[in-house]
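For reference, the chain that follows is the form predicted on its own, supplied as structure tokens.
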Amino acid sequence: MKKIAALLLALVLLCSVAAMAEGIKVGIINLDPSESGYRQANVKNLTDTFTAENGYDATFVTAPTADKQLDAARGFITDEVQYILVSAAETTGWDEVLADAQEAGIKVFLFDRMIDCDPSLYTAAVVSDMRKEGETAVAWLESLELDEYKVLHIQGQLGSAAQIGRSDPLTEKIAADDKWTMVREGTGGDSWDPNEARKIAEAAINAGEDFNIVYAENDGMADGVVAALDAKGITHGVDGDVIVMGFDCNKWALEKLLAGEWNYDGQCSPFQAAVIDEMIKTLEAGGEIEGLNELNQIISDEKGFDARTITQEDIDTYGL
């Protein structure tokens, strides 16, 4: 009898060890890392955190468009993961899938970007305030007190939280102030493509359209526009004819600020994994997540950098 009891105990312990070895089952849906230096840092941050050594059985899906992301989420629901993490390509269209995940007992975490839905449909969001990023950039432009603001606007992936947040404060300011003009507006597409940004700038230059501000919604697209300016001998930066603005704070972009070749770069933190990891471990231990706002968010604290005041220490601290 004692032998049977010992055998049963050994089997229970073996099953427990096996269950622990399997790890917390997580499905992570992200955008293409080739999109930008920001995205590469974001992907690496997640893959370095959600590892078997850290107690996870994680599956990573790269899905650059909303339809592919929704398909991936449905697949994770079918696979009965415990948690889904998503950086949404678009802000809308998620309600049904999130409701299905909730019904299946799967907790959803948003990272990097928000989704336009009832906050009850996701557990928490660890995100940047994209609207604040745009407001900070526009406020910086206003502080220059230019006689005219003639803007070449290069947008990111249309419909994404980053594009909407960075675009809206600019378009609202242009609509409200006669000193501000939208000379030309275009998008780098779903991949925030520097080459597409360059084409938009070349079209504006070749059409004789006069602009003195480049407002590009990520660093790569700003660099694409600068290539078009350089090809035409148009000066830019601190002592140039055209003000160059980017977002994300790639180290190479901040170095261009320090060199006076660009004027402004808006920070967007790619590091959300540790916060979500802590939240999941809290839930797994039977605890409750603390510190969320009314939208179940934790907002990254971010700033903008000016070429006139940036330091090497800033680059070393904030550059991606």
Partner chain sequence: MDKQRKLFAGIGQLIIPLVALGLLILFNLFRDPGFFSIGMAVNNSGNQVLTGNLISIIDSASELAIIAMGMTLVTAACGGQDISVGAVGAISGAVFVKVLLGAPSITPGIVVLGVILCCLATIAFMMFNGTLVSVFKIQPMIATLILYSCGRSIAYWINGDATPQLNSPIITSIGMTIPGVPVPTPIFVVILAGLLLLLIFRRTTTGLYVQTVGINQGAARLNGIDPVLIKLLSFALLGVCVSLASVIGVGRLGQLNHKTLLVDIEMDAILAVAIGGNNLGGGRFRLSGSILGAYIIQMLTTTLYAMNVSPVNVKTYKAIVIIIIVVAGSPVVKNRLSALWSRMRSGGSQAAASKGAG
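Since the structure is predicted, the reported quantities are computational estimates derived from the model, not experimental observations. Positions refer to the first chain, counted from 1.
Another form exists, predicted together with the partner chain; not displayed. Remarks below refer to it.
With the partner omitted from this view, the residue of 168, 202, 71, 95 that lies near the partner chain in the predicted bound form is 202 [heavy atom within 4.5 Å]. Out of the listed residues 196, 142, 172, 129, 196 is the one that sits within 4.5 Å of the partner chain in the predicted bound form by at least one heavy atom. Contact with the partner chain in the predicted bound form, judged as any non-hydrogen atom within 4.5 angstroms, is confined among 72-80, 98-106, 117-125, 226-234 to 226-234. Contact check for residue 270: no non-hydrogen atom falls within 4.5 Å of the partner chain in the predicted bound form. Among residues of the shown chain, residue 191 is one whose heavy atoms approach the partner chain to within 4.5 Å in the predicted bound form.
Using a 4.5 angstroms threshold between heavy atoms, residue 150 stays clear of the partner chain in the predicted bound form. The partner chain in the predicted bound form comes within 4.5 Å of no heavy atom belonging to residue 42.
In the predicted bound form, the residues of 167-189 lying within 4.5 Å of the partner chain by at least one heavy atom are, in order, 183, 184, 185, 186, 187. A change of 3 Å or more separates the two forms for residue 153 and residue 31: their C-alpha atoms lie farther apart in the predicted bound form. The gap between the Cα atoms of residue 33 and residue 187 is larger in the predicted bound form, by no less than 3 Å, than in this form.
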